[in-house]
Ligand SMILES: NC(=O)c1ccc[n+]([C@@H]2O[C@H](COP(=O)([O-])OP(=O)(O)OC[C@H]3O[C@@H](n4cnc5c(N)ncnc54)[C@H](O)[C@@H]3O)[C@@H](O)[C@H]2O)c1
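What follows is a single chain, given as C-alpha cells, in the form predicted alone.
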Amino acid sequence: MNISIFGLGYVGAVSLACLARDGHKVIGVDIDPVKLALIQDGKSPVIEEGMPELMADVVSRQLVQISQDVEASLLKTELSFICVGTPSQANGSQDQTAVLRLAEQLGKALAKKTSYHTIVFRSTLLPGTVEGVLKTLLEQHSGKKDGVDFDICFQPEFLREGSSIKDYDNPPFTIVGANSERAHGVMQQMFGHLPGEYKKTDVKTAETVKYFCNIFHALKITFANEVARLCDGLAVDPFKVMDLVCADKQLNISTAYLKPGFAFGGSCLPKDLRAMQYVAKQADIEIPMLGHVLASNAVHLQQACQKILATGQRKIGMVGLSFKSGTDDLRESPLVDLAEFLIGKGKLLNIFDPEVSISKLIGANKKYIEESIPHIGDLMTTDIDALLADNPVIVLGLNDKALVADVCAKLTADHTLIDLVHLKDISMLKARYIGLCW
C-alpha cells in the first residue's frame, strides 16, 4: 500500500522502516529538517539496534520518501499513521498541541481527496480524544464524515526502546480500535501476517489499554523493587524470592486476580500486608506502594457503600457474608465490613449466605460470629425467598452460579440490584441494575 507516516520520532521512524521493509511505499512526514535529512541519506533518526542497517536498505530500494507537506503526502497515500509526540506538561497534563494542529491540516487535505482514506492514530492519547476533538477537527475541516468518506482508528503500540524491531515483528497481539469493518479490513491486511491475535475493539478502549499496559509495567517494576528493599532489611536474597514468585504461572504470573471485582479480604492477604508493613516500619524501609494497598482496598469498599446509600432505601438484603464464594470464612470479609457500615448508617439488613449457617459454624468462625459480630449473626436468614420479598435493594456479593441464577430469576422491576460480582449477562434482568465499577 501507499502509506504516509506523520511524526518521525521513535515510533514513527521504526514504523516507517518496518513497513517499507515489508514492501509498502512509505512517505515520512515531519517538521524537523534534521530528521528528514538523516532519512534522506539512509540514516536512522533514532539509535536502535538494527535500525541503521534497515533504514539504509529501505531508502536504497526507494521504498521511502520524506516530506514536510501534509496535504501532498495524504493525497498520495491510502493510509496514514499519526505518530506525533504527546509529551507531559509541567502540571502532568498531556500536551496535544502537535496532534491537534496535525488533525486540522489532515482535515483540510481530506477535503481535496476524492477517494477513501484511513487515518490511524498511534500517538498515546487520553481516552476520548480521537472520537472527541480529533474527529471533530477532521470532519469540520474536511466537510466529510467519519465512517463514510474516511475511517479513523486507534492502534496502540508496544515497542520497547532497544528492541523495537523485534517487538514490531513479534507483538503479543495487535489491538485496533475502530468503528467499521472496512477499517478493520484495511488494518488486518496490514498486520494480519504478524504473530499474535488481531484484537478488534472500540476506539476508546484501545486508547485506554495503552495507558494501563504501561502503568502495569511500572507497577511490576515498583513491586519488585519494594520486595528488594524489604528483603535487604530481612537479609534475604531478593532474586531468589522473585525467581520463586515468578515460577508460579497459575496465580502469580497469570490472569488470576486481574479482573475487576469487589474488595479483597480473608485470613491471608490483609494480615500478610500488615505484617510486612510492620517489618518495614521497624527497619525504617520506605514501601509507599505496598504501604497503600490496604488503603486502596478500603476505598473500593467505600465505593460499594456509597452506591448502596445512593438508592435511598432503608431495607437491604445482602446475598453473601463470607470473604468469597464457596467458603464460610468470615475473617476480614469485606462483606462483613459492608454490613457493619450499613448498620451504622441505620439500614435494616437481612443477610443470606448458604455457606454460613449459624447452626453449623464450628471452631474459629463460631467464636468469631458469637463474640465479634453477634449483631450481624442475628440478621441472617436461611430463607432466600423471604429476603427477596422483604427488601427492595439486593446486594449480590456471592458468585455461586446456581445461587446467582435463582436470585436473578426472582428479582422484579421493584428491586434494585447492587452487583459486586460482575454478572456476565443482565439482558433478562427485570430489576434496576447498578454495578460496582461496571
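Residue positions are given as counts along the sequence shown, with the first one as 1. As the structure is a prediction and not an experimental result, all values here were calculated from the model.
What comes next is about the form predicted in complex with this ligand, which is not displayed.
- Of the residues given (L79, V84, L138, I351), V84 alone sits with a heavy atom within 4.5 Å of this ligand in the predicted complex.
- Contact annotation: of the candidates I31, I384, L379, L38, the single residue with a non-hydrogen atom within 4.5 angstroms of this ligand in the predicted complex is I31.
- Heavy atoms within 4.5 Å of this ligand in the predicted complex are found in exactly one of 366-374, 50-58, 387-395, 23-31, that being 23-31.
- Proximity of A98 to this ligand in the predicted complex falls within the 4.5 Å heavy atom cutoff.
- Although the partner is absent here, K324 lies well away from this ligand in the predicted complex, with no heavy atom inside 4.5 Å.
- Taking the partner from elsewhere, H117 is found to have every heavy atom lying beyond 4.5 Å of this ligand in the predicted complex.
- Proximity of T129 to this ligand in the predicted complex: non-hydrogen atoms within 4.5 Å are absent; the residue sits far from the partner.
- Shown here without this ligand, the chain has R122, S123, T124 in 117-131 lying with a heavy atom within 4.5 Å of that partner in the predicted complex.
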